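This document opens with one chain alone, in structure tokens, the form predicted alone.
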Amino acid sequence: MDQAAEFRESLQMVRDSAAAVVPHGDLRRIRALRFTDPGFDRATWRQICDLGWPSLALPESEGGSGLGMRGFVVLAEELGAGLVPEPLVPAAMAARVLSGAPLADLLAGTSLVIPAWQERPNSLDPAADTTLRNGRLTGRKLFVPMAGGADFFLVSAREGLALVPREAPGVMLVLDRTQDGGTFGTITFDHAPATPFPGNLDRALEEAALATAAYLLGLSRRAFAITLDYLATRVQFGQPIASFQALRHRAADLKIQWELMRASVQSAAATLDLESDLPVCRAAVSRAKARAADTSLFITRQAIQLHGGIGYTDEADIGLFLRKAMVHANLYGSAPLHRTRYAALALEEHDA
């Protein structure tokens, strides 16, 4: 078997392993976790760590699986199809920069580290105002996903990164509910004791944004499949509404848009695996994230409409996909932000 075939087989094994966590046709676990604290199941999180998913993209030399972002986006797509709420993307983001005992504890599932980096709405700047001086951290971070389940926060500051226990003095956490039943945290650090950590979040942020795009790809795929099943079973005027030409045209358009999103995500993953130049990687990620955000909202909103009145009820599973898309479309940068960044990077390349 050649190297390419072995890699494809590895990716299929990743898809197969996701079946241990992703429900197929049954979203009762997802419904039960909505609007609870911390919003995900810790036993499932330990299972995810046992499967080695937080380190899937890391090189084997760093204790990872060595499958890169092409492997990680395959996994993220499957988790999106199941609306899995466990914070794999933030944890993998932390794993990209951690080392030593904090990394070992994270990968073992004994300590959950969540990055806290955003200080302004709709911004990709990881360290604007937060300061780290003499082992004390001062600042405020916004929109920290699933912050209520964190044991530590990996915080970006002007002076570098810092690891801060959630229960440390000077740490105040306020949780806000999101449309999908999860939470975002606003964290204020008031001279909180912090352990400086080498490195930065530049590469990790790009990987998190792309993994989120892949998550949106998966939830869009599942929403589309659910909608096709509904169209095939719903009968009007004595025939399935899937036979109506107008609805078939709408379904075909959704399929085309999803395929374009898939191609963009996969292209960006290959770029991150093969390219070390950060601006090139950022351009590929912004292209994929902008398309994924717009397309996932388009597909899930159309899916609601194609379900008719029942699609607007909370009892209909299709609504769960729209709510999740509404939250994840803006995680790690909204579509307008990424389009703006892509345009700026393209202009820089043209001027060079």
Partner chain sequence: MPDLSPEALASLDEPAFRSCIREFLVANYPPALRNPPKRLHFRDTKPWYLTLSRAGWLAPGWPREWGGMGLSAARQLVMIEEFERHGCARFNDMGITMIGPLLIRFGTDAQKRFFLPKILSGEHIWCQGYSEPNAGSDLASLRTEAVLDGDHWALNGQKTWTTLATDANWIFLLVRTDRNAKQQQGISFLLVPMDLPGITVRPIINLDLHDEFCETFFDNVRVPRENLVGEINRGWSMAKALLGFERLLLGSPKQASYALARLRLLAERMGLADDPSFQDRYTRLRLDLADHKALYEDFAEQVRRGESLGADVSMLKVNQSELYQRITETMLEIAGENAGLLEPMGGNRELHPSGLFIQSRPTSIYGGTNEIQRNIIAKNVLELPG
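All values derive from a computational prediction rather than experimental measurement. Residue numbers count along the first chain shown, from 1.
One more form of this protein exists, namely the form predicted in complex with its partner chain; it is left out here, but the text below deals with it.
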Legend entry - its partner chain contact at residue 310 in the predicted complex, heavy atom, 4.5 Å: yes
Inset, instruction - Answer yes if any heavy atom of residue 331 is within 4.5 Å of a heavy atom of its partner chain in the predicted complex; otherwise answer no. - result: yes
Inset, instruction - Would you please decide whether residue 259 lies within 4.5 angstroms of its partner chain in the predicted complex, comparing each non-hydrogen atom pair? - result: yes
Inset, instruction - Please run the contact check for residue 128 against its partner chain in the predicted complex: heavy atoms, 4.5 angstroms, yes or no? - result: no
Inset, instruction - Heavy atom within 4.5 Å of its partner chain in the predicted complex: which of 99, 195, 122, 200 fits that? Just give me the one. - result: 122
Legend entry - Of 280, 270, 104, 232, the one that lies within 4.5 Å of its partner chain in the predicted complex (heavy atoms): 232
Legend entry - 4.5 Å heavy atom contact with its partner chain in the predicted complex for all of 143, 252 and 301: yes
Inset, instruction - Among 152 to 160, 87 to 95, 73 to 81, 223 to 231, mark the stretch whose residues have heavy atoms within 4.5 Å of its partner chain in the predicted complex. - result: 223 to 231
Inset, instruction - Select from 303 to 328 the residues with a non-hydrogen atom within 4.5 Å of its partner chain in the predicted complex and write them out in sequence order. - result: 304, 305, 308, 309, 310, 311, 312, 313, 314, 315, 319, 322, 323, 326, 327
